[in-house]
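One chain follows as structure tokens, the form predicted on its own.
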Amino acid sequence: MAVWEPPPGPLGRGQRGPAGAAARVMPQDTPANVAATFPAMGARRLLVFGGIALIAGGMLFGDIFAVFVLHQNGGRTGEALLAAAHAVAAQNPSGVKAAFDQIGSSLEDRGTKIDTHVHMTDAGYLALLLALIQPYVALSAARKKFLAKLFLLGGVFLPVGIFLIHYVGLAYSPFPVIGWASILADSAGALLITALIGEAWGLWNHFRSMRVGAVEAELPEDRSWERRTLLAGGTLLVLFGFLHGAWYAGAMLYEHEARETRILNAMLDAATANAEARPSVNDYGALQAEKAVNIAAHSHLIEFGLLAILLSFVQPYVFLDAEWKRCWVNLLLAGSVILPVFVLLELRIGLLAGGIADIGGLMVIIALVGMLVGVLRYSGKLDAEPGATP
């Protein structure tokens, strides 16, 4: 960024003009100024590291879940629903109960894995957002570092506890309806809430008094190609996500709800009349798939857009050659488009579209890891400089 230099003559540096306005010299974002915003083991550095790692880990888990669990789980749920319909036709209450127990188990398995993916990535988004607002948190550096560690601890153990709920259950639990995994998840959630309350308190102190004790320098101004591309691409992704959500709500949502009611009534009528219920079960599965791909495309477009916008602010800390930085930016934005588009095309193309969507998710993960490596290299460069604090 260029330095504003006052003109020579009567209006020199630090002098006042006729209107009484002081000439202002804007600081230049030199490497030293940028380094001052990323102190060793400071709250911002911890949150940037942890945020990118949580997002990459959550997306990797989501990709594995989509490939190895999602479709198989849906098939088991459909078979259990068909078995329940047959048990109703045969007037077999125990068979109906067993079938619905299996359906409940499959839904819990699917739900906990989706929640694991969502909570891990969302904790990463929040960590990056907290890293951006650190200059406005009026707390001491030690307290901000403690809150950052507390947040990251909760961000790791919350999805771990959610993932274990299906497998641990109520085994050896002192409570009749809450298992140890749920206790772990709830405790981690309490850590996140505590850290967020502390950050909110620091923000309140800042805006109430406009006076802070140990504040980090504000983020460096960066007009690089990487930041501008991520900001523009992220904004477009969020816009397209909202437009798709509005289109789905207006054109398909109510029709899907009415069709679901008709299918369930037809399934019940078939079971009562001792007729074949498989067509209704297949129609119900197709409807759920249609709803799922539209909701997934909508949510992923918005999430990837927010991710691109947040990552645009950490580009000054990515210590890579310009070619590599642009490569990771292009790869992230390309994957952010490929994944939701081919999720939508799964109903038309089938598993091929699902495989391409998974490749899009993998592209985003690789780009995140590449940027994380750049941030680590930048941190190593700062810490290795002469006079740096270990």
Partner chain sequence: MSAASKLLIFGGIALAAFGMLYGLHYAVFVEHQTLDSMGGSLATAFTNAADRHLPEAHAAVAAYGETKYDYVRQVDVHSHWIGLAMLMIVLGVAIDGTAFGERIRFWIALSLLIGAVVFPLGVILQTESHGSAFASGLAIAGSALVIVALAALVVGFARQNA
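Predicted model, so just to flag it, every value in this text is computed and none were measured. Residue numbers count along the first chain shown, from 1.
Just so it is clear, the following notes concern the form predicted in complex with its partner chain, a form of the same protein that is not shown.
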Report whether the minimum heavy atom distance between Val168 and its partner chain in the model of the complex is within 4.5 Å. no
Given that its partner chain is not shown alongside this chain, does Ala141 nevertheless sit within 4.5 Å of it in the model of the complex, heavy atom to heavy atom? no
Using a 4.5 angstroms cut-off on non-hydrogen atoms, would Ala181 count as touching its partner chain in the model of the complex? no
If you check in the model of the complex, is Trp201 within 4.5 Å of its partner chain, heavy atoms only? no
Give me the residue from Ala188, Val238, Leu164, Ala195 that has a heavy atom within 4.5 Å of its partner chain in the model of the complex. Val238
Only one of Phe242, Phe157, Phe146, Phe319 has a non-hydrogen atom within 4.5 angstroms of its partner chain in the model of the complex; which is it? Phe242
Since the chain is shown here on its own, which stretch among 171-179, 149-157, 67-75, 283-291 would lie within 4.5 Å of its partner chain in the model of the complex, judged by heavy atoms? 283-291
If you look in the model of the complex, which residues in 59-81 sit within 4.5 Å of its partner chain (heavy atoms)? Leu81
